[in-house]
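Below sits a lone chain in structure tokens, taken as the form predicted alone.
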């Protein structure tokens, strides 16, 4: 059984003019110990999908479909049941640590909270374990920082505290939304190594959301590419990096500065922007930015379909082995 199965999840928001679709028919699974990457520009629906898994969508948004965690549909659970899962069996590393941490609580109390709430540790044992976690995520002077408040720490230090809280109870599933955004390069590698160790030690499944394709290439087993609220390509990581099938995936790869000998390092940006949810056109949402769009792209939206073993793409003319054509 898969650790997590997301089946046909759609997310909408209530507006005066009616419901507006934000995420459409997203499906994927994560196996124990597997690291799955979710890639795409801002506004593609990655963070909303992650929030829907734990029932944390903002007010006014609703999700339909099924989200099965070890067979239990999270969308049907009441709030107390979800609270028993959050921070315990499912951990979440939020993108913005300053809005995640409670400004009225010390760092130590916030790291101890899941240990006391979910593991039933007394204050003395929780303090010892919290200090061990802060040392493990390389927080400078952890004993001194233990009684500090969030505003007294740097952005990178706050992000490390959020990571310590997320892994405190050794969750079975960890969702990491841009976990290294506020960290320098050296600390990024240390934190990513820590996440890798966690998946190895406890068979934790990891959903990693990041814009960094270098991190994706090094960390993940599979990649889900999202665009305009839908998954447009799924592939083993090595295959996607070597030969992306969807024109959007190819555009993302070409937007990375080239560092090969003789390269001038210029970016090759994707023209245009992601369409707003209320203004999404008929047909393929990427067609206005796509260099190989055909008439069919304007008439009908392509569904995600198998194009090669273990690979899928939502495209009328996927790029297979460097050539365009029907799969």
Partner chain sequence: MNRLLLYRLASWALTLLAITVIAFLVLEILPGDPALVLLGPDAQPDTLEALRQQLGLNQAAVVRYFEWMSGLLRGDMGTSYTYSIPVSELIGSRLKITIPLAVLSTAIAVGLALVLGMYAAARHNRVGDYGVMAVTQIGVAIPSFWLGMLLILLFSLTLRWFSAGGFPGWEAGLWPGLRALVLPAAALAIAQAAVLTRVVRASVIEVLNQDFVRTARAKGLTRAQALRRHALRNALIPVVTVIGLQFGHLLAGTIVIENVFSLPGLGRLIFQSINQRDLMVIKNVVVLLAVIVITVNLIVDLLYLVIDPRLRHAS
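All figures in this text were calculated on a predicted structure; none of them were measured in a lab. Positions refer to the first chain, counted from 1.
The form predicted in complex with its partner chain is left out here; the points below concern that form.
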query: Stretch in contact, per heavy atom within 4.5 angstroms of its partner chain in the predicted complex, of 49-57, 282-290, 66-74, 25-33; finding: 49-57
query: Touches its partner chain in the predicted complex: residue 118 (any heavy atom, 4.5 Å); finding: yes
query: 4.5 Å heavy atom contact, residue 114 to its partner chain in the predicted complex; finding: yes
query: Residue 99, heavy atom within 4.5 angstroms of its partner chain in the predicted complex; finding: yes
query: Partner contact for residue 86 in the predicted complex: its partner chain, 4.5 angstroms, heavy atom; finding: yes
query: Single option in 105, 187, 128, 194 placed near its partner chain in the predicted complex, where near means a heavy atom within 4.5 Å; finding: 105
query: Position in contact with its partner chain when the complex is considered in the predicted complex, options 183, 198, 92, 209, heavy atoms within 4.5 Å; finding: 92
query: Heavy atom contacts to its partner chain in the predicted complex at 4.5 Å, residues of 147-170 in sequence order; finding: 149, 151, 152, 165
